[in-house]
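Presented as structure tokens, the chain that follows is alone, the form predicted alone.
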């Protein structure tokens, strides 16, 4: 097979489209295959860290994307009874990034920009193509897809699986997805109440031994935007009960009492996993994004980590495809991104959840006092932000040979 045979990308979400755009910018032939008939409208992710904005800027979509959302220069950790524990000030990292803020915008507003950019570069998305399986040899990959017109085989030089946490590509590679599933079911509700008058920043995490929660303000359909509340619920309670209007109203009134019923713009539930693929590569088949790793949403590391992996892969796969670098360069992608995910994304997202839900009074007080101490010291405050904004994890990945 000709070495310039297109790269096959399975999955048209943010990670898959970012891989395709990045490769197209390097004049790599690439085609995306997506099972859906159009871009999905996923309401989960929507908080972007500084390094991610820098990466999006490098492929020409950041300016248009930033016009659609909110800058969040400060965010809080609160106690349900104590109020504000700390308020983190991202202006302290203004010397390290042109984007010293979190950026809030629904991920389904990013994917159309990536698609538009890909098409402008001559890339293609094949809709309604469900990946079945693939075989590979020394010179390429043959992938089978189910389409409305039947099953057919596509030949490519490499295959990138960006097809989510239930990745069919990962199953084809026979790679284990190591980790665990959290016991709760997460409920996400979009509400019509403005939470700013209650002193909440546009991103806040509320600690409580029983009723912890997280909030994010999103642009939604335009001013005044929409506040999202994330609430853990007992997985033993049937989903239809969790999504019942009375259950949601009780949960929201418990979160923040109000003298009238909450208006609900949207509601959804999902289970949360902490898992990392045992390997991100098998020959000419590679994993990226949720196909390679998933984590809880506390800290907003999931989508950001997926995009960081996509850009890391692109910078290595491009030279390999053009014959300018050895195939072994792809193993560095695996080492770098797996280390960044295991050492930071998994570890920190687990610690974030443990901080919010700690039940032991003495340990909870100790942990809250520790973050107060960090926030009160300017040097420690900045070091914390370097990690929580994912600048550290990107730097750490580059250090891995």
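Bear in mind the structure is a predicted one, so any value in this text is a computation, not a measurement. Positions refer to the first chain, counted from 1.
This next part talks about the form predicted together with a small molecule, which is not shown.
Student: Heavy atoms, 4.5 Å, the small molecule in the predicted bound form: which of 256-264, 300-308, 81-89, 150-158 makes the cut? Say which one.
Tutor: Stretch with heavy atoms near the partner: 300-308.
Student: Heavy atom within 4.5 Å of the small molecule in the predicted bound form: which of 212, 321, 131, 99 fits that? Just give me the one.
Tutor: Contact with the small molecule in the predicted bound form is made by 131 alone.
Student: If you check 53, 29, 371, 35 against the small molecule in the predicted bound form, which one has a heavy atom within 4.5 Å?
Tutor: The residue from 53, 29, 371, 35 that makes the contact is 35.
Student: Please run the contact check for residue 123 against the small molecule in the predicted bound form: heavy atoms, 4.5 angstroms, yes or no?
Tutor: Taking the distances in the predicted bound form, the answer for residue 123 is no, it never comes within 4.5 Å of the small molecule.
Student: Is there any non-hydrogen atom of residue 164 lying within 4.5 Å of the small molecule in the predicted bound form?
Tutor: Contact check for residue 164: yes, within 4.5 Å of the small molecule in the predicted bound form.
Student: Does residue 14 make contact with the small molecule in the predicted bound form, using a 4.5 Å heavy atom cut-off?
Tutor: Taking the distances in the predicted bound form, the answer for residue 14 is yes, it comes within 4.5 Å of the small molecule.
Student: With a cut-off of 4.5 Å between heavy atoms, is residue 248 one of the residues that contacts the small molecule in the predicted bound form?
Tutor: Looking in the predicted bound form, residue contacts with the small molecule do not include residue 248, since no heavy atom lies within 4.5 Å.
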